[in-house]
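What follows is one chain in structure tokens, specifically the form predicted on its own.
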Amino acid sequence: MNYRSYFKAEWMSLLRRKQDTLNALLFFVMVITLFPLGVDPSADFLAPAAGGIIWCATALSVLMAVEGMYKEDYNDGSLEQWLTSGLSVTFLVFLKVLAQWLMVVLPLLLVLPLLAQMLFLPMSVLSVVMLSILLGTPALFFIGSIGAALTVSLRRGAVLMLLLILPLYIPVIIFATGAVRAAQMEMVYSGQLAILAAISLVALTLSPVMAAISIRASVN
């Protein structure tokens, strides 16, 4: 096994288990669709709140996607093969998270323009929302991978994982919604986007190492 064959196998595995991706996408659509019905469907309320609604739905969808990221690999012994393959476990974690991110975020971005119309989000602001998702969601996935690795050996680790990683999602949501809000007010939003990119880069650097350590501890 090499890194290229592993990434290809992981991608094919995600395609076979597309129900997990569909569940995250359907949850994203349902939250955005039901929110106006349960609160206030008027444009005066939804337009200013659109960024927050979209990002809360995005964060919850990512949580659904990453919760069982390593469960199947743990149950079928794949994680043990990681440790004995001679390959870098850290880089294998990175490739796994990358495949998950592509599988979830790309469909999400495809349906977002339609959902944005339901929230009366101007098209001029939609590009900022999509850019914030591209820059911010890698951090959510990499942070989530740490929680998933820490709780992979626990039978009921979902709640514990949420408690561990949900507070770490808050800065990403704050800066992402801040960028959207600044765009709506026709203010400069490049600073918030830069911070989002920085958070994702830090998460990309640290989380594969931490997840790899957690995987070793869980398997051993």
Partner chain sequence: MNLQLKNLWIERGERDLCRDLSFSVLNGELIRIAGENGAGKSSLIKAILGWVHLEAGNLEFNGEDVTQHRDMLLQCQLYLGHTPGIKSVFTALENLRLYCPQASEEALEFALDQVQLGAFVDTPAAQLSAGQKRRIALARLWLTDKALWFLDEPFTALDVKGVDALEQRMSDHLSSGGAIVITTHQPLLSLAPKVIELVA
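Worth saying up front: this structure is predicted, and the values here are computed from it rather than measured. Numbering follows the first chain given and starts at 1.
There is another form of this protein, the form predicted together with the partner chain, and it is not shown here; the text below is about that form.
In the predicted bound form, Asn75 touching the partner chain (heavy atom, 4.5 Å): The answer is yes: Asn75 has a heavy atom within 4.5 Å of the partner chain.
Partner proximity in the predicted bound form: Thr84 to the partner chain, non-hydrogen atom cutoff 4.5 Å: Thr84: contacts the partner chain in the predicted bound form.
4.5 Å heavy atom contact, Met12 and the partner chain in the predicted bound form: Yes.
In the predicted bound form, Ile213 touching the partner chain (heavy atom, 4.5 Å): It does not: once the partner chain is placed as it appears in the predicted bound form, Ile213 has no heavy atom within 4.5 Å of it.
Region of this chain that lies against the partner chain in the predicted bound form, out of 159-167, 66-74, 39-47, 182-190 [heavy atom, 4.5 Å]: Result for this chain: 66-74.
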